[in-house]
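Before any questions on how it binds or moves, here is one chain, the form predicted alone, in structure tokens.
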Amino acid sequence: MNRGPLIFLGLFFALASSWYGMVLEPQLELGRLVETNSVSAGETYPVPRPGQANQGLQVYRANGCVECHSQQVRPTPADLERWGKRRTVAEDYLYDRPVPLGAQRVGPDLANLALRPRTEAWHLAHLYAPRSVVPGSTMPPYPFLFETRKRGARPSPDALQLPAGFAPPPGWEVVPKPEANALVAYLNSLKADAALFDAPLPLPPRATNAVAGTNAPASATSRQHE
């Protein structure tokens, strides 16, 4: 019996099912997403990134940052406590194509990096020499995003302030290239904390020092004084 047609149909069905599940169905569900409104303020969410931040996204991709950093807050207590106020939803990626979800979480999740206490100077120093601000960091340095040049009569206002051991030789300074500034602008645009109907913010914890009601049982101490 010739089973060639059956094998062909089986392979065709397997490929067609994979294409439907991985390409067509996500497009039908997510391909027509548009901006939504936040729950509290009613503001449109999300908004397109500014031009410099959008350029920084291309620098982020070109340098493989997505290989070590995720941008997805999972609906688990550990993720919500450390990386974001709410879980990540599809609307957060509306203006990101392709979506920088990340291959693995070797470094910190960056979904809400803009909400953390980091200055622009900190980010620039971190990109140039990660261990200058995070001792023992395993992140690779990106010195090619910077220029080391002779210092003029006055230091450049953009020159990095680096600690000993990372600073250039006397008479020289390190200044960021446009690519470094664009990348920092992108990092400072990473914020996904708007309360949405499909991703509300958690309720604040209830007060624990409330006065007990009149129907509450009397304590042992109060019974002793009755």
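Quick note: we count residues from 1 along the sequence shown, nothing fancier. This structure is a prediction, so every number in the text was calculated from the model and none was measured.
Omitted from view is the form predicted together with heme C (HEC), to which the following refers.
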| item | value |
| --- | --- |
| L110, heavy atom within 4.5 angstroms of heme C (HEC) in the model of the complex | yes |
| Heme C (HEC) contact in the model of the complex: K85, any heavy atom under 4.5 Å | no |
| Y93 within 4.5 Å of heme C (HEC) in the model of the complex, heavy atoms | no |
| Exercise: T119 in contact with heme C (HEC) in the model of the complex, heavy atom 4.5 Å | no |
| All of Y128, P176 and P178 with a heavy atom within 4.5 Å of heme C (HEC) in the model of the complex | no |
| Contacting member of P168, P50, P163, G64, with respect to heme C (HEC) in the model of the complex [4.5 Å, heavy atom] | G64 |
| Listed range touching heme C (HEC), judged in the model of the complex by heavy atoms within 4.5 Å, from 72-80, 135-143, 95-103, 152-160 | 135-143 |
